[in-house]
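Okay, so here's just one chain, in structure tokens, the form predicted alone.
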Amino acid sequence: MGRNYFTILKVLSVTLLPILSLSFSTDSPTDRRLLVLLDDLSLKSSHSIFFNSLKSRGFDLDFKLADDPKLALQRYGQYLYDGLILFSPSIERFGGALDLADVLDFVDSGHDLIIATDSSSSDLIKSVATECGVDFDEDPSALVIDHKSYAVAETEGDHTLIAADDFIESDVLLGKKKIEAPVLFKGIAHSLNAANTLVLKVLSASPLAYSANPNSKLSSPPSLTGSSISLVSVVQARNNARIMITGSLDMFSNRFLRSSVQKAGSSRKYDKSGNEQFVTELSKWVFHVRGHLKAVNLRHNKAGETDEPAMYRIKDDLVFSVEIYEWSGKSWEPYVANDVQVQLYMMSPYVLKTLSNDKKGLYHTSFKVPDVYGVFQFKVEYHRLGYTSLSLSKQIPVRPFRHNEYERFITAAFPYYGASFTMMAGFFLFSFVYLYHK
């Protein structure tokens, strides 16, 4: 009986592991599993519009309390999820085997992360955000206050409900359709770590905003002020993992998504805030529904040939090509751009060429191998705001001419030919004069 039990376990593990690994294929960025960690399960209903929008795009959401004793991101060396959503601002310690290092390893493995916090933010959540390149205000009672860009309400408040409309200008991050209505934001401020070049502001505070305790008078200047305050930031790591960080959990709530909004100083009132469009479009980017590139079929060959040679000779004419596609949300479509370049590289680039494209995904160019022999690399390094980075390389040796491949007479050597024949003629004349002169 015991032997049969272990046999069944072995069969299940062998059968299930390939199924688990299939769900993490980068060839299909959608239809993936997301782990949603909550402080309170009531958030499932209070933020249901956002969660339902993810489900409608093919994501499978697994809701758990952040202190669940059975929490785990991986099993048998395989990650169980492709993305993590932290809607648990007040959690002091994750449950189960999950800790700060596990979350960072999850991102380092190329997986995606959304962090939404509020004024109850714990040191644990702030530490995760700090490791991702942003720093929240150290004052636990501070909120973003703006006496100019606040949302008009029936009763005069403390101006902590912000109507923000300073968006990053990027179609790949926020979609091609412009967000007309301001986004409602109520929460804590954060700033970008100057040493981290990968983090970007997506939604910025106005120049007159500041971070302070709204219930007390200022005794000293605020540490975060003006446009240095980021309300929503994103990070695309070098391994193409994507992260979204915001100090407002309410920004995702049904109440904010369905609320009307009027910005102070403006006569226009919108029936619906820009929150739903903003968080929907940005989540598409975070979870690789948009801005996800892949490169395939990197090829090179001598001009006039089709086979890839094992080696080139200096001054050979060659043709280089690569295919690049973008995920449209349903299928791979040709990616069209005019800034993709290839390098022929050995210690430094000897050739740098911009690739032409046929509007069908094929990028190509031709050039002459430089008059330098050694071990070269074809390199394509493509980095564009909002798109996954492409880093391709292929090694190829380049040899000099063989002794029987040079021209019979080299034009550059004519002076040496002339010097040799002049020397022979002079020696002949000297010998003749010496022998026969009396």
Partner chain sequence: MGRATSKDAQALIHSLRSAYAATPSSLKIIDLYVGFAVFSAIIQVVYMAIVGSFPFNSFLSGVLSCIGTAVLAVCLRIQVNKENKEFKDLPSEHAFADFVLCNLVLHLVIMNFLG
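Residue numbers count along the first chain shown, from 1. So that the term is clear: the rigid core is the largest set of C-alpha atoms that superpose within 1.5 Å between two forms. Predicted model, so just to flag it, every value in this text is computed and none were measured.
Unshown form predicted together with its partner chain; subsequent notes refer to it.
- In the predicted complex, at least one heavy atom of A413 sits within 4.5 Å of a heavy atom of its partner chain.
- The shortest heavy atom separation between E405 and its partner chain in the predicted complex exceeds 4.5 Å.
- Listed stretches are 60-68, 368-376, 381-389, 405-413; the contact stretch with its partner chain in the predicted complex is 405-413, by a heavy atom cutoff of 4.5 Å.
- Although its partner chain is not shown here, in the predicted complex the stretch 392-428 places heavy atoms of E407, R408, I410, A412, A413, P415, Y416, Y417, A419, S420, F421, T422, M423, M424, G426, F427 within 4.5 Å of it, in sequence order.
- After superposition on the rigid core, the Cα of T411 moves by 2 Å or more between the shown form and the other one.
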